[in-house]
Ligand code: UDP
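Only one chain is included here, represented as structure tokens and corresponding to the form predicted on its own.
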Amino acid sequence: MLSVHSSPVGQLGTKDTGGMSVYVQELARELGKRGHRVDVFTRAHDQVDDRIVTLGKGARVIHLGAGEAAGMHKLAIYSHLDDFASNLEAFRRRSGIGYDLIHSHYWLSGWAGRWLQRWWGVPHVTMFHTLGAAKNGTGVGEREPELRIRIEENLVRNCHRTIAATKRERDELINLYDAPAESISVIPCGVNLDLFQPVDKRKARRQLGLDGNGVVLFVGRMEPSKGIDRLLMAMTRLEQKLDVRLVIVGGDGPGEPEADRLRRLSRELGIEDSVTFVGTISQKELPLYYSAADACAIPSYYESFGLVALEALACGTPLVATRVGCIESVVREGESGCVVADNSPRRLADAIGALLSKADAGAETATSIRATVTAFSWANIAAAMIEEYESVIADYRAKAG
């Protein structure tokens, strides 16, 4: 596996380290449990990174040099992809390893994977996690460069299989990049059901120091496409009717201008006393936050899938979310949440208010909500992926003669 720009063992919730890192780590670990050997190659992001990190039986992360260790913008990594691929090949030769298949994640990894596929003569499966053209279509945030879009177009036409996380993403690949439909397979993301489980709400709130107010939760990276500013504006409407607190979990360290902007906005809106910026936390702490919340909000303009939705539902917490990623396929209206047409503050406030007014997340309610996502276990996702790998390898070898 290739995850060049984002280390699967990096600090979640910080810039460039989000759902994709969770996906790569969980899938690699589950494949290893099933007897496969998985090496995940990523760029060394810090001089103190261990060269090799064991994820579990048969699965490890290997850090390779490619450009400056820290502080490099994603686009700048492009000019170091040849070094990354060469260093990977040198590692492979020293180790005497032969790989049967390449699975690249994100467009930078896909471009490096293109060279490796040619050198090794093995099939290449790619997964983008987000699409440049789709992000640009929202008109929000930093515009994705034309270079990215051209490379994504090239990869969908030349890789042996493209994995889309949703049918929506499959349609985007076809409509935006003219991708051949027969080369795309839809396999959703998964959720760690052992980690993400309901915790008694009162116990969770005591541990987190949250009072008896209604609690709305946001979990994710700080970037404009997440629509956090729209959620803050919705809070001004909610506060007029309800006693409610918004808890925002995600990276807000130095050099995070979006976090600074959102803090300023909360002050300007006069709601700073009702908003808690938690910052970055470990994944193991997330179930407490999900369980303490009456609702988890996903006000995004764009998501390729939206792992937060599965995590929240697995903890028995209902969602209020826009029509992005997996949302419409996992939310059962009136049972596990509400899907809003867009992230206008009024729509978000009305939907959240309706949930809070009838919220009683007892054990029975949490259990029924959790039951809606048990099919998304990583064991099930890995089984589907193995079937896909086997199909790709068989097709490749048959054509190679």
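Residue numbers run from 1 along the displayed sequence. Values in this document were obtained by computation on a predicted structure and should not be read as measured data.
What comes next is about the form predicted together with uridine-5'-diphosphate, which does not appear here.
- Heavy atoms within 4.5 Å of uridine-5'-diphosphate in the model of the complex are found in one stretch of 313 to 321, 300 to 308, 96 to 104, 262 to 270, which is 300 to 308.
- Checked against uridine-5'-diphosphate in the model of the complex, the candidates Pro145, Pro180, Gly279, Gly141 yield a single residue with a heavy atom inside 4.5 Å, and that residue is Gly279.
- Contact with uridine-5'-diphosphate in the model of the complex, defined as a heavy atom within 4.5 Å, holds for exactly one of Gly227, Gly220, Gly113, Gly325, namely Gly220.
- uridine-5'-diphosphate in the model of the complex is not approached by Thr236, whose heavy atoms all lie more than 4.5 angstroms from it.
- uridine-5'-diphosphate in the model of the complex comes within 4.5 Å of no heavy atom belonging to Val24.
- In the model of the complex, uridine-5'-diphosphate lies within 4.5 Å of some heavy atom of Gln283.
- Although the partner is absent here, Ile77 is not a contact residue: none of its heavy atoms lies within 4.5 angstroms of uridine-5'-diphosphate in the model of the complex.
- Using a 4.5 Å cut-off on any heavy atom, none of the residues of 78 to 96 reaches uridine-5'-diphosphate in the model of the complex.
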